[in-house]
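In structure tokens, one chain follows: the form predicted on its own.
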């Protein structure tokens, strides 16, 4: 695939092959969306674009600004400022979407009522859950001392400050969770960005990466070559057992043996699960929520849809694909409200760029199509495709991210 074609694909709305439907019901349906990230915000926007005044859409999101995890690793090496990754919901409000800055604390899915932290009861006709991720910590420890920085914002800044405190002879330790987790290339990207940053600061730090997976799970050639170039101590099959924030020590198992390692800065990215609203609504099956990927409707409870990082499917958990899921979900809800069948051949595109230094990035894309046999999204022949690190990719990365940010929040 030529790079210009890749950029075109990333800009196309995933649901573009579907027919937008204007709702014609006598009474307005109320769709409530929990979470205002890439999937939730996109779903809300396209519900109003396609449904117009015939529906009411409300987002329940505790944060007045959304901080993008995409590009947040570039805060660690001074390429980006965290404030440049914050987005308001003004663009969505302009479409007629209502934003409630509170938290859903309980659900009565029989009566279709949401109870919020500020004491409100909100009724819905359709509920979309897009709450993101939560963590499965190996033990209790202070995340302000040992940050994950996997939800961008305050945690990113804590890790940034710690990295800047490193001196010659120090050790930086980071862990990579067992898949599935948010943004498969992200931890490998972070290791490269940090190692390159320290090298260019002329600070000799031992960078240790402990991966619970058996090997680099994505873009192995690109990340493997950079790990070698930067002298990163990569350790596969490492399960984190215990994190001690007083001793600054990590205990882990590898190939049946228990080991401990001390670090001056430790960045543990824990294993992940669906966020709390999924469990409160009772739509989980284990750590994530099973869905019909033609519509993202729950397989457990009718009229509840799950998009983004909290559902269970073969697709990666990432912002770009969450944006596409939001459009498919919006289309499916409007079809259902009008008595039309769900579009039976949806496609999604997973695309991303990963910085590996302060001026180079890789790229990766994959296209998924609904497979009626497995009832899941299946990667189509010829994908995934990727590009090795280059300065051109680094420039294109900001166009890609800008398109995604605009499509979601503007």
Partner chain sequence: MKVLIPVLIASFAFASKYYYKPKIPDKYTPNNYRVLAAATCFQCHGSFGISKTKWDSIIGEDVKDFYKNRHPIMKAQRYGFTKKEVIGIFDYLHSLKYKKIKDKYKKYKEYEEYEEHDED
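Only a predicted model underlies this, so the values are computations on that prediction, with no experimental measurement involved. Positions refer to the first chain, counted from 1.
The form predicted in complex with its partner chain is left out here; the points below concern that form.
*Look up in the model of the complex whether residue 375 has a non-hydrogen atom within 4.5 angstroms of its partner chain, and give yes or no.*
Result no; residue 375 lies far from its partner chain in the model of the complex.
*With heavy atoms only and a cut-off of 4.5 Å, decide whether residue 219 touches its partner chain in the model of the complex.*
Yes, residue 219 is a contact residue.
*Find out whether any non-hydrogen atom of residue 357 is located within 4.5 angstroms of its partner chain in the model of the complex, and reply yes or no.*
Close contact is absent here: in the model of the complex, residue 357 is far from its partner chain, nothing within 4.5 Å, heavy atoms only.
_Although the partner isn't part of this model, could you tell me whether residue 65 comes within 4.5 Å of its partner chain in the model of the complex, counting any heavy atom of the residue?_
Looking in the model of the complex, residue contacts with its partner chain do not include residue 65, since no heavy atom lies within 4.5 Å.
*So which of 367, 29, 70, 32 gets a non-hydrogen atom within 4.5 Å of its partner chain in the model of the complex?*
Flagged contact: 367.
*Considering 115, 340, 230, 137, which brings a non-hydrogen atom within 4.5 Å of its partner chain in the model of the complex?*
It is 340.
*Looking at 115 to 123, 234 to 242, 80 to 88, 319 to 327, which one sits within 4.5 Å of its partner chain in the model of the complex if you count heavy atoms only?*
Contact criterion met by 319 to 327 only.
*Those residues of 345 to 362 which, in the model of the complex, come within 4.5 Å of its partner chain by heavy atom*: 345, 346, 347, 349, 351, 353, in sequence order.
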